[in-house]
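First, one chain by itself in structure tokens, the form predicted alone.
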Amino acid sequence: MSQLQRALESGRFAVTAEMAPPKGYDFSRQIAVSGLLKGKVHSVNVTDMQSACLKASSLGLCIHLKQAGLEPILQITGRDRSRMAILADVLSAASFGIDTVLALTGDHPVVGDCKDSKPVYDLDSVGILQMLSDMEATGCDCGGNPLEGGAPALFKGASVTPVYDPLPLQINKLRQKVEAGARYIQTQGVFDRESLCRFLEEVDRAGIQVPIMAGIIPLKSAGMARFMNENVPGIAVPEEMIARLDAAAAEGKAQGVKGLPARLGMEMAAEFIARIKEEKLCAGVHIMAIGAEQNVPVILEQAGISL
């Protein structure tokens, strides 16, 4: 049983971070950062060519992290692989003791950096979850053929977007994911209590019972916040937070001090995490530091969070 599964099923506040593989084959930076995360998070999600941009595979970095003593979460998108290829990766991952997965549909290649790539989409996130659940239940592959040694036991997860219009469509998709076998949910980045609570109330009203981990994105600047608001579906950074980041940038410029907005972004993330835990809003948090994973331990310390 994975550390994340044990934490969620025992009612402990669960913490995961996110890390992207390199755009190349040098994993040295990721391996170095992994040492900072060890003992600070339950698991590390490894992205699968996020935003349809070519990187080394999620499985490759998962293996490196596993060998470094961390528990990786294999992200699987339906964009680039047939159901056969997905199962091949899952079985290979299981051979290394990687038993936690997160199923995603995946952004279309047209938004990425290899626009001529042909999308597959044999299965979407719900289809991936259902295939893995069927494999576990029957011990057979996607063609109904018995697997040698049986099927691996997986802790399956999925994602959801709390800020979505119309929200009932997202709630319905969430229900489908849970019915297909998702046993934990990580959200897209959310930045204020009101948006999170509005979503959680709809989940409760729908009678959906599954541990939900709030997605936390530490903001680095007002420009980053504005870019995400304009270009990333499901992201809504409140104007009040953007104004605070602008003020921090102006203060830093006046004092000749660099990095004040990023420092403030970490503090705001820590405050939100502490509030989520104190008010027991969610089962845990998923921190997406976007290339600044070394800041995750600092944010957790500021939030008063320890495993």
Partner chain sequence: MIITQKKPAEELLAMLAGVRKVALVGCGNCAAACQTGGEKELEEMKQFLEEQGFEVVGSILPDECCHKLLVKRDLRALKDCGAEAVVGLSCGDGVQTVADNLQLPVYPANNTMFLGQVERVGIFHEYCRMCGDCVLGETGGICPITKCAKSLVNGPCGGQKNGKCEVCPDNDCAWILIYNRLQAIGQADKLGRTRKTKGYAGAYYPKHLNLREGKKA
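Positions refer to the first chain, counted from 1. Just so it is clear, the structure is predicted and the values come from calculations on it, not from any experiment.
Omitted from view is the form predicted together with its partner chain, to which the following refers.
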Taking its partner chain in the predicted bound form as the reference, which of G223, P233, G97, P146 has a non-hydrogen atom within 4.5 Å?
P233
Its partner chain isn't shown here, but in the predicted bound form which of L196, V126, M213, L87 has a heavy atom within 4.5 Å of it?
V126
For the chain shown here without its partner, which stretch in 198-206, 67-75, 104-112, 148-156 has non-hydrogen atoms within 4.5 angstroms of its partner chain in the predicted bound form?
104-112
According to a 4.5 angstroms non-hydrogen atom cut-off, is M228 in contact with its partner chain in the predicted bound form?
yes
Could you confirm whether T138 comes within 4.5 Å of its partner chain in the predicted bound form, counting heavy atoms only?
no
Using a 4.5 Å heavy atom cut-off, state whether D192 contacts its partner chain in the predicted bound form.
no
Report whether the minimum heavy atom distance between K173 and its partner chain in the predicted bound form is within 4.5 Å.
yes
Taking heavy atoms and a 4.5 Å limit, what residues of 154-183 are near its partner chain in the predicted bound form?
T161, Y164, D165, P166, P168, L169, Q170, N172, K173, Q176, E179, A180
